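This document opens with one chain alone, in structure tokens, the form predicted on its own.
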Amino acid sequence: MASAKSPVVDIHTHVYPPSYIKLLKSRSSIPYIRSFPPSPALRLVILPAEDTESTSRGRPVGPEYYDINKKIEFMDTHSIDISVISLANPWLDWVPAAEAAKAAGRINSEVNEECGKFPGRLFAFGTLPLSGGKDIIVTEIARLKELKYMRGIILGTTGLGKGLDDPELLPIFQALQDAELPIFLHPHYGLPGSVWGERASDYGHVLPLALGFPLETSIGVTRMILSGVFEKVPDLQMILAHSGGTLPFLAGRIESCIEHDAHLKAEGKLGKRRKTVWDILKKNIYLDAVIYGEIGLKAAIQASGEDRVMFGTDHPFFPPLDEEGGKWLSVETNYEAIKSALGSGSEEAKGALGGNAIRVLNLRV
């Protein structure tokens, strides 16, 4: 375990609680869980690219997905003191409107109870009943504020189905700002399959995961910026998965394109009152450190600040392919990136590893 003076906090770590697993098992279309004979093993299919007749259909579902004790074992193995758990994609985006409120209430309460089994070690980002409509969503936001271990919400880039620049999201963003619940933004839908070319299936999941997810995040947040969300809801706080995708690297280019766009100028959307991309990165956005490399992490730090970057693992995804037990390379790579970028043992590294998350998310019981 890490010392009490420098706790390690994992803010990007997922759980499929038992009721969610049960829900997925009852389905026959994406997302779903089932076995594919002759193998009796259960597999999770959550992406269209995974729903193909092949030996690699979906991904194996073991107890690390739903058994909270396995989460604690993983934390202990990797010297993680606190985890902020969240339901993994595709959340409740697909739930029929009439069932959204009940599903979200049940799952959020279940996750809160799971956290209560290990007080002080587990907190959570809640899940919103996005298909249920504004009133139901806002009601659940208020309820999340009353749950002991909830510290924000997890959201996908489609929002209510039309993207994060959808005007109908504004009252929901306002409710989250008023409740002081940050958004943990996580990709899921990627880019159209045609982008990857005819040989994409030869390369496993590498193209959609390595490129599609980061670009999905970058596009979603850029649409928010262009639509003026951060002027209309000025104190909205967001934590972007995977170090913000490509946003730190492309921020200067996005800002330059905005400043030189004649259409935006004619619409009166430029001028001193506009928040620049750099303003938003430093005042409204935090970045996780799930980037697996020093160079990418340094870009994230330079874009948002040393005090706005937070460690994550993406557990239970990206386990070792050939080893049982022991430490995961994916996790150790993120540890090393922080140490290399900020200096092993430095105050800045301690902040990225845990101090920043404790401050921002108030991780105290």
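One rule holds for the numbers: they count along the sequence shown, beginning at 1. In this text, all values refer to a predicted model and were calculated from it rather than measured experimentally.
The next section is about a form of this same protein that is not shown, the form predicted in complex with a small molecule.
Problem - Listed residue (Tyr335, Phe318, Phe36, Tyr66) with a non-hydrogen atom within 4.5 angstroms of the small molecule in the model of the complex - result: Only one option qualifies, and that one is Phe318.
Exercise for the section: Check each of Ile219, Ala179, Leu209, Leu226 and return the one that places a heavy atom within 4.5 angstroms of the small molecule in the model of the complex. Expected result: Flagged contact: Leu209.
Exercise for the section: Indicate whether Ile46 is a 4.5 Å heavy atom neighbour of the small molecule in the model of the complex. Expected result: Yes - in the model of the complex, heavy atoms of Ile46 and the small molecule come within 4.5 Å of each other.
Problem - Touches the small molecule in the model of the complex: Ser109 (any heavy atom, 4.5 Å) - result: Judged by the heavy-atom cut-off of 4.5 Å, Ser109 is well away from the small molecule in the model of the complex.
Problem - Interface membership of Asn89, the small molecule in the model of the complex, 4.5 Å heavy atom rule - result: Because a heavy atom of Asn89 falls inside 4.5 Å of the small molecule in the model of the complex, the answer is yes.
Problem - Partner proximity in the model of the complex: Phe213 to the small molecule, non-hydrogen atom cutoff 4.5 Å - result: Result yes; Phe213 sits at the interface with the small molecule in the model of the complex.
Practice task
Report yes if all three of Arg59, His186 and Asp314 come within 4.5 Å of the small molecule in the model of the complex by some heavy atom, otherwise no.
Solution key: Yes, the whole trio is in contact, each within 4.5 Å by some heavy atom.
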